[in-house]
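Read the single chain below, which is given as structure tokens and is the form predicted alone.
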Amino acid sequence: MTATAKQFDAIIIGAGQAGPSLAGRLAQAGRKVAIVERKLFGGTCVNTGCTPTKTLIASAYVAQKARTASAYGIKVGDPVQADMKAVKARKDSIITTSRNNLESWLRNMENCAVFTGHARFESPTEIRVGEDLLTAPQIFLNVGGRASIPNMPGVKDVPFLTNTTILDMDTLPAHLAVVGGSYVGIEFAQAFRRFGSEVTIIEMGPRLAKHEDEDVSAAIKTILEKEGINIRLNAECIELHSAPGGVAVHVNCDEDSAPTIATHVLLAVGRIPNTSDLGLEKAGVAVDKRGYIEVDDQLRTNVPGIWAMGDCNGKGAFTHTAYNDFEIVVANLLENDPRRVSDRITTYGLFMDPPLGRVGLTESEVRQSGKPALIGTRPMTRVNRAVEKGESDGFMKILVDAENKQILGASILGVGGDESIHCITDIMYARAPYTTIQRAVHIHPTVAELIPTVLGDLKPLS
């Protein structure tokens, strides 16, 4: 070990969702901690993910409400216009406040030293950050991920946007082509359509949000098309070319092979982990073929004393799973509580409007499992709260194990779906039968009050 190395009990690389909270708990326990951040404190969620996108979506929601105000008996100016400079300024203000608060908390934390710069392994216990060499018996990786740039023809020859660079725009695209019809692409597509852009989603697969059930995908498509978004499915052989005033996206579609001519192109085709430039080979840390760090059920890598949390371990690509990774690590290290990743129930949201709340298995997965199951559904047109708000698109769907009466999974696509799904999530974690929530008395009028109603009308899954 180099004589000039600065010694710590723990080194945390990355100040995303798991890293700072872990630093706080370790420091509180009396451990001497170093946390390294190469760029922006707060990670993806604060800077390029949840916070900025949901801030934009909130602005877009207001624009849409203003545009449809007459349906509620309210008169507003016509046409409704988005001031993109003001929209961006609001978003930037919220991001900056969150980021600065986090950095200030870390820099003023007792027993915690903050280093800024790119961290790389020099050995399983040594990290180089610029001129500083840090050493510790425990190292925690929380380095996140970034947008994947597909190797499609023309991608190096034309300008394009990612989920990060589109956030820097303070002008409105005349026509935004979104390559990728999954969660990120759908959220941006709807937001910019509501701001006033013409929008086209180009998806290689046969449907949007391919990980969802077909009825959910179809409902999402209907909602987006109703707002005037163009959707091109089965778009194989996508190529990008320069065109007057923008970019031409050439596709080979079943129905229409004419190119989409857009002023701007957003590539939203997935994410990759930030693991290629950490010097993991010097520490002997194993990664899979996609670059994700391999971890066990308690988030330990193959090298003793090194853990990986958050997006870089491939165990979940969400803020809530990253934070749960922190909770699992702390429970095992400090609390003698053997928590595991495999205890986690899959849950997430698609924050279009109306939002999709998802937990557990899809209907397709239940069918594939061969479990005898029950299913209950209800359209949002039969949910008073949704009708009263004038937001009755979507439906609820709940699947139950016919033998033990435990809930297997649910999809709530509709107003409040991202919040009401937690009623089901909590019952699933409690491993309680569905009758527990079926007999609960919920507040009227709400969306969640219809969950017991759906559970009272279950039928065999044919």
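Throughout, we count residues from 1 along the sequence that is shown. Model, not experiment: these values are computed from the prediction.
This protein has a second form, the form predicted in complex with a small molecule, left out of what is shown; the following refers to that one.
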* Asked: Looking at 44-52, 392-400, 433-441, 412-420, which one sits within 4.5 Å of the small molecule in the model of the complex if you count heavy atoms only?
  -> 44-52
* the small molecule in the model of the complex: contacted by all of 13, 38 and 163, heavy atom 4.5 Å -> yes
* Asked: Which residue among 271, 282, 88, 382 has a heavy atom within 4.5 angstroms of the small molecule in the model of the complex?
  -> 271
* Structure fact -> Residue within 4.5 Å of the small molecule in the model of the complex by heavy atom, from 291, 154, 137, 117, is 117
* Within a 4.5 Å heavy atom cut-off, is residue 188 in contact with the small molecule in the model of the complex? -> yes
* **Touches the small molecule in the model of the complex: residue 326 (any heavy atom, 4.5 Å)** => no
* **Proximity of residue 317 to the small molecule in the model of the complex, heavy atoms at 4.5 Å** => yes
* Using 4.5 Å between non-hydrogen atoms, is residue 351 touching the small molecule in the model of the complex? -> yes
